[in-house]
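Only one chain is included here, represented as structure tokens and corresponding to the form predicted on its own.
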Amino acid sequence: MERNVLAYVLVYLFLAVVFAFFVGPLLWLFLSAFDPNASPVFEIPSHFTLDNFKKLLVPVGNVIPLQWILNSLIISLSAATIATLVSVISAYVFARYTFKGQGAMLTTFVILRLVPPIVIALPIMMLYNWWGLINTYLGAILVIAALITPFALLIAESFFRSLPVEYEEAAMVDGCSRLGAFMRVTLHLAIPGITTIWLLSFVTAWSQFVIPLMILKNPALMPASVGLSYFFGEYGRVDYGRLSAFSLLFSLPVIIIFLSIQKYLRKGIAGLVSR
């Protein structure tokens, strides 16, 4: 009995330490966003204020910080949508057809996904200089979408293989073409998986730093992930209150999107795990 009690105590103590390790910094971030005298020290504010959020309307350099949030939305929504469309169409082909070199192509996609973005940053910049895509939303969107697509393709291919092909065959017996069966039956069944892929792609694009930093030289075009660095002033001075407020706003779109599509996300993840 004593051993069981000791085991429970140790387990709960370990869980408490893990919980504090992960939740502590988030709690500090939340409190600092409303603290007029925010500092690296963890403390409860003497009074709460929205002044740090109001400061986000004051330009940093020549850019209002909220513009970086808008830039992130433009880049991430576009890149996630492109990556999802390309991966879903390609994954259906891999899942429903067999052709020579299929395994080698999937292996290549895995290898491409493992290549660090910094390795391809310089060649991309050289190409973009020739094509005139430096300092453009399109340039950042295309590269980020290309980086996400191999990862999204592997997930989509696994999900399509988990869907019974009999439903498509029944639709074709009733007169549907292969494309019609895909559009009317398979896509409808794959909505949870597609939603999962889109959300993971969006989160990946939202957190990209190296590629936007290399391609977007104009601060007015930079996403929030890069804009965060502008809150670190000269000689190591940091406005912790404004930085915390901006970080909360930076996290808000991902949380809102997750809460909006979580019912599809659960089904999508369950479909991937059950395979």
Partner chain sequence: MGSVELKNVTKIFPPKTVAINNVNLKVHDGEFFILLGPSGCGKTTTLRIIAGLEKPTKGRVYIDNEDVTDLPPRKRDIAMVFQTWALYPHMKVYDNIAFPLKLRKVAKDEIDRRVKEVAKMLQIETLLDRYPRQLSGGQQQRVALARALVRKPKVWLLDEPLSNLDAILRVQMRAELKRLQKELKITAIYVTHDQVEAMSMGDRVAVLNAGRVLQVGAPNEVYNKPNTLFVASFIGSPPMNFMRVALKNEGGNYALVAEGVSIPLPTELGKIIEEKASDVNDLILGVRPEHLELSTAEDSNIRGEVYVIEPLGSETILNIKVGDNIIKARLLKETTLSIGSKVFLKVSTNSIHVFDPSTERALF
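What you see is a predicted model; the values in this text were computed from it and never measured. Numbering follows the first chain given and starts at 1.
The next section is about a form of this same protein that is not shown, the form predicted in complex with its partner chain.
> Here the chain is shown alone; which of L154, M172, I134, L77 has a heavy atom within 4.5 Å of its partner chain in the model of the complex?
Exactly one listed residue reaches within 4.5 Å, namely M172.
> Going by heavy atoms within 4.5 Å, which of 154 to 162, 172 to 180, 192 to 200, 69 to 77 lines up against its partner chain in the model of the complex?
Only one stretch qualifies here: 172 to 180.
> Is L106 one of the residues lying within 4.5 Å of its partner chain in the model of the complex, judged by heavy atom distances?
Output for L106 is no: heavy atoms all beyond 4.5 Å of its partner chain.
> Would you check, heavy atoms only and a 4.5 Å threshold, whether R184 touches its partner chain in the model of the complex?
Contact with its partner chain, yes.
> Heavy atom within 4.5 Å of its partner chain in the model of the complex: which residues of 146 to 169 qualify?
The stretch 146 to 169, when checked against its partner chain in the model of the complex, contributes E166, Y167, E169 at the 4.5 Å heavy-atom cut-off.
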